[in-house]
Structure formats: structure tokens, C-alpha cells
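Presented below, as C-alpha cells, is a lone chain in the form predicted alone.
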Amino acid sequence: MDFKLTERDEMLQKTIREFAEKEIPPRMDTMEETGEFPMDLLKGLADMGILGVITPREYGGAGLGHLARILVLEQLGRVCPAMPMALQVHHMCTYALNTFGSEEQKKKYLPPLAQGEALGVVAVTEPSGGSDVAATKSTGRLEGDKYILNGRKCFITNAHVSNTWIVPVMTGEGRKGMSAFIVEKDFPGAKTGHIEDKVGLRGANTGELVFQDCEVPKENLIGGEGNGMAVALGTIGSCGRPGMASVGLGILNAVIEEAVKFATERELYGKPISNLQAIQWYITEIYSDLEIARLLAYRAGWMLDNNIPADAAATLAKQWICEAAARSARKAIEIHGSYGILKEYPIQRLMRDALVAVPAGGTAEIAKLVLSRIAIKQYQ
């Protein structure tokens, strides 16, 4: 396996890093205060190919692939983890459309999503629980040339700032009774509900989508009737989990930078605290988490780009990296001491971001359940 990035990917890293360092910091205080995604950056993100990074060129995207997507999200997350959180959910929408959509659906919806004219989301979680997708309560029934949707989705990133929603609902019974639909925000009966006030990842808008006799054209059924489970789980596994791994990876990058910066500038007993063995051990542990995380995330992206089954790799990357981000942020706060709990220091925000990332996009417990099933099947 070649661990060297291509010249294209190295240039992509550099370009995204420069963009993130220039454009995002002036907006972060507002993002933190309001919890809103900076929509004024949408055009710039589109022009750089970020919105359509995994969308094929024939549909207006950059077509750079999954590893490139991880590199992009990592660099954005190093500056502000809320940015890759919002964008990775948008990518889930484009992935679902490209993987399961008809040619007509791709031509209609992918170009505006890639070019910054719209944001997307895949809305799976419901108040009854997000882990048990089969327990979905939202329903859809065919009436003439339209489906009528009723139900509620919650904890949906991009809920109030998106235009295109991929929505799985029950059109029958059992696992084959679920179907997925492309819903536009201005369809009759579609509306947004409650906005969540999260402790972290605050620049990634999160809220409810509500459907009250929502009218969806029959041609907006995606993947065929009865295939909604495949659309939901396939998108989560191949796009959502690597995306969340990238969010955690971005956090880890920022955590080690803040930890080392403080440790080398803060003096105790007349010397930088980075000279103290206890501090060195903390930094070693954070550094180790970052390097392992990068290998896990990049491997998952590489496997997806090479059409190698990546269920285990993507699940492991998501579960391990997000938990590593949380524990490393906690260690970085210890390095900061009392300064670590002051809002003027970024490390407290990174701690909050990491805590939100752990359950987002699938809980750690579900990831462990998936991995246990894979391991038992492989080694029994």
C-alpha cells in the first residue's frame, strides 16, 4: 500500500487549509453564538469543489473521490469542526442521489447541490430513536401520482438551511416496507420544526423536519419502493461514518496544535511546562491518537475509492476516532489547567465539539455492535 499522497491531493490539502484559515475564523464567533452555518461561504465552497467533491463531473461535481473528501473535511475541521459536520451531511445527500438515484434525479438535483445553489441532508433519525432504523414511524402512502408523507425527523444537521432532503419512511411492513424520497423544502406539507441548542459543533445547524400530509411526486421515490433501508444504511455506512471520522480527525489536529502551543508557551518553575514529563506523556498520547486516527480514516477513504468493501474500516474509523478526539481534548484541557475552562481558549470548544461528535452519525455502541458482528462472521 502506498502511503504517499498524490501531488493533486497534497495541493488540495494546502488549498483547503489556506481557505479555512482565512475565511472561517472571522465567522466563528457568530457561529458559536447563533449555532448557524455561514451560508455566505457556500459559493466559495462550491467554487473550490468542496460541495461536489464526491459528485461525478458529469453532474457538476469535482469527482475527486472519498479520500479527497476526507482530506478536505480534515483541513476544515482543524479550524472549525462544525464546518465538516455540516458538509459531510450534505455529501451524504449527494452520495445517496448518485448511488441510488435515477438518471433523471441525478441530472435534476446533483448540479445545484454541487454548485452551491442548495444544501442537502439525509434525514433518518426520529424521536423514537435513531439507532433502530427499522423502527421508523414516519409513513408514506401512494395516492394517484403522489406519495403522502407524515411524520417527524429529529437531530437533523442542516435541517433549517437545506433545500433537498432524502427521507426514508414506511410505505409497507418490515425491512422491505421502507422507501426513501427526495423531498424539496417547499413541497406542500413539508416544514422545519424545533431548532436544537447544542453544546458543541454549533455552526452546524441541527433541528427537526416535519411532514404533515406532505405531497411528494411519485418520480421522487429514490431507489425503488421497498429499498429505503438500503438507501439509509448504505449511505450511512459508506459516506456518513467516514464523514464523521473526518470530523473527529479535524478535532484531533486542532487539539494537538492547541496542546503543544500552550505547553511550549506556559512556564512553570522557570521553564516551559513542555519540559515536564507528565505533560510530555499527555502530548505523546494525543499525538498517538492523531496518527492512528489519520491512518484509519485515510484507509477507509482509499478502500472506498478502490471499490473494496469498507463497512468494517469505516465503522472502526468513525467509532475509534470520535472517541479519541474526546479523550484527547480532555487531556489537552489538563495541560491547560484552569485556562482550559476559559472561553477565550479554543480547547474548551474543541472538547464540546468532540463530545457532540461521539454519538452523531451513529452511537459508539451501535458501531461496536456492527464491528462485533463482522468479527464473529470473519473468525468463527
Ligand SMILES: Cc1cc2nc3c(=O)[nH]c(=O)nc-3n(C[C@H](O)[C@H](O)[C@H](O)COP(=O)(O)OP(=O)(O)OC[C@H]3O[C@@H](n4cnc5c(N)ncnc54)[C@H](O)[C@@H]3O)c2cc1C
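Predicted, not measured: the structure shown is a model, and the values here were computed from it. In this text, residue numbers run from 1 along the sequence as written.
Beyond what is shown, the protein has a form predicted in complex with this ligand; the following relates to that form.
Looking in the predicted complex, is this ligand within 4.5 angstroms of a heavy atom from every one of 99, 230 and 237? The answer is no: none of the three residues contacts the partner (heavy atom, 4.5 Å cut-off).
Does residue 129 reach this ligand in the predicted complex, with heavy atoms at most 4.5 Å apart? Yes, contact at 4.5 Å.
State yes or no: in the predicted complex, is some non-hydrogen atom of residue 155 no more than 4.5 angstroms from a non-hydrogen atom of this ligand? Contact check for residue 155: yes, within 4.5 Å of this ligand in the predicted complex.
Could you tell me if residue 16 has a non-hydrogen atom within 4.5 Å of this ligand in the predicted complex? No - in the predicted complex, heavy atoms of residue 16 and this ligand never come within 4.5 Å of each other.
Give a yes/no on whether residue 125 approaches this ligand to within 4.5 Å in the predicted complex, heavy atoms considered. Residue 125: contacts this ligand in the predicted complex.
So which stretch, 140-148, 115-123, 286-294, 273-281, is the one near this ligand in the predicted complex (non-hydrogen atoms, 4.5 Å)? Comparing against this ligand in the predicted complex, the contact stretch is 115-123.
Looking at 178, 89, 214, 304, which has any heavy atom no more than 4.5 Å from this ligand in the predicted complex? So the residue touching this ligand in the predicted complex, by this definition, is 89.
Scan 167, 251, 76, 85 and let me know which has any heavy atom within 4.5 Å of this ligand in the predicted complex. Looking at the other structure, the residue within range turns out to be 85.
Determine the residues of 337-370 with a heavy atom within 4.5 Å of this ligand in the predicted complex and present them in sequence order; the list may be empty. Residues within 4.5 Å: 356, 359, 360, 361, 362, 363, 365, 366, 369.
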